[in-house]
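What follows is a single chain, given as structure tokens, in the form predicted alone.
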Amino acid sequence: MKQSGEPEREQQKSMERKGYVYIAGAGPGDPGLITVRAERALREADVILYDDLVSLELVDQFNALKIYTGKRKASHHFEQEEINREIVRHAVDGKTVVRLKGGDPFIFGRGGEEIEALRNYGIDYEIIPGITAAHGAGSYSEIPLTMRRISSSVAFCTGHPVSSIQVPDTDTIVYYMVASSVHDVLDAVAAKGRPGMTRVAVVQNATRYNQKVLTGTLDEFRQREKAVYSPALLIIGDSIGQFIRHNWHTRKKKVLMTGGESSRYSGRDCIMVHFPCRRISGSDLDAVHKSLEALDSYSVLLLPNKFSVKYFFRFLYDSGRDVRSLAHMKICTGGQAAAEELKENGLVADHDLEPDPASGYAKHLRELSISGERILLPGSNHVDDSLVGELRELQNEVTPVGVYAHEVRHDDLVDLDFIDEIYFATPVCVRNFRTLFESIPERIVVSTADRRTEQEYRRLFRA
């Protein structure tokens, strides 16, 4: 039975547990347009609630619990009231929450409604602005929203509801959310007296690799078929067409990266489209626990990629152990990304093995005299048979253990019509890609990281 005064103590305890909420803009689509402040908040977050227009490439970089709150096709989605409750629920539980919204939270982002909910519960928060879609679309299509002697004013409007579309008297107008109402908007603009020769542009997938820009006059667009795909913005004004032909975004080569990084590409020369062909999920828990119990029996820990490092150490810490459990082992990493991830856990690799394009790891293993060892090899559920074979040829006893799983993703497929080159980082990337695409158009250049990946590509796509 509760004593007198307990409700007050429980309320005080609840108040002490309250976390902190960032309402942040993710920018218009290109994950590189996230602000430094928003990225810092995402690294701090325990929970991220993100919208449909937020890039998965961006969200996947962070370790927080991720909750999708958007709507795609017929999939379940949250109504705004549910999103508000979800933000509050995690904050009251003492979590650091990032509500990540496409574009800017205060430009058609409903950030104001979420602030009201947070204030009602006395939850501390801050707003992190983002690059709104109009700014992104203008910059990536080279349409100046303002320009001396041509446009000295600009207005942001929405294409909904169609019964009350606003047509402000400004030089340039940008309409958001027009995929289903573009012709209603154009009719409203014409009815307000804009000349039929007024310049019009529709920007689809603004700032993304598959951005598409359609231009014409007001009269021409009103006569076209109603085929505009979301997300799309409508820009109206005479600054359209000043620089739009062969703009900087169109000229750059689009390279699809299926994993890893490659120094052969420069950000000045091309646009990287990161498509890992997989999601990282659970693991073989029984095997992981057995390997941790037997850590003393292994002499070498070989971590072939950053995911193997990340998930191995997560299980290590969850088991109540720390890096002291590895003091007797020689630790090797496969490449710079794995070595950097290892440093995040306070350790420097004894050896960082960069695979040779022709011979894989074999040459380095021989040079380091890694022979006759008991090697623990954390990795994915898809065992790298070539690496295991190289290790065993040197008389090593090897124990692969799946600390994470590759799941091929069928959502958010890349549109190959916009891709100029594909880079395969590993044979697993090739195999996963093959489950998603039956063929690769002949015009697309294909490059691979090493000999084994090249062989797998030829076996699956050129046989």
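Being a predicted model, the structure only gives us computed values, none of them experimental. Numbering starts at 1 and follows the sequence shown.
One more form of this protein should be noted, the form predicted in complex with a small molecule, which is absent from this view; the next part is about it.
Taking the partner from elsewhere, every residue among Leu53, Thr132 and Ala206 has a non-hydrogen atom within 4.5 angstroms of the small molecule in the predicted bound form. Shown without its partner, this chain lists Ile370, Met177, Ala155, Val189 as candidates; in the predicted bound form, only Met177 has a non-hydrogen atom within 4.5 angstroms of the small molecule.
For the candidate set Asp104, Asp384, Glu341, Glu142, a heavy atom within 4.5 Å of the small molecule in the predicted bound form is found for exactly one residue, namely Asp104. Partner contact region in the predicted bound form: 232-240, out of 333-341, 371-379, 215-223, 232-240, criterion any non-hydrogen atom within 4.5 Å of the small molecule. Proximity of Phe108 to the small molecule in the predicted bound form falls within the 4.5 Å heavy atom cutoff.
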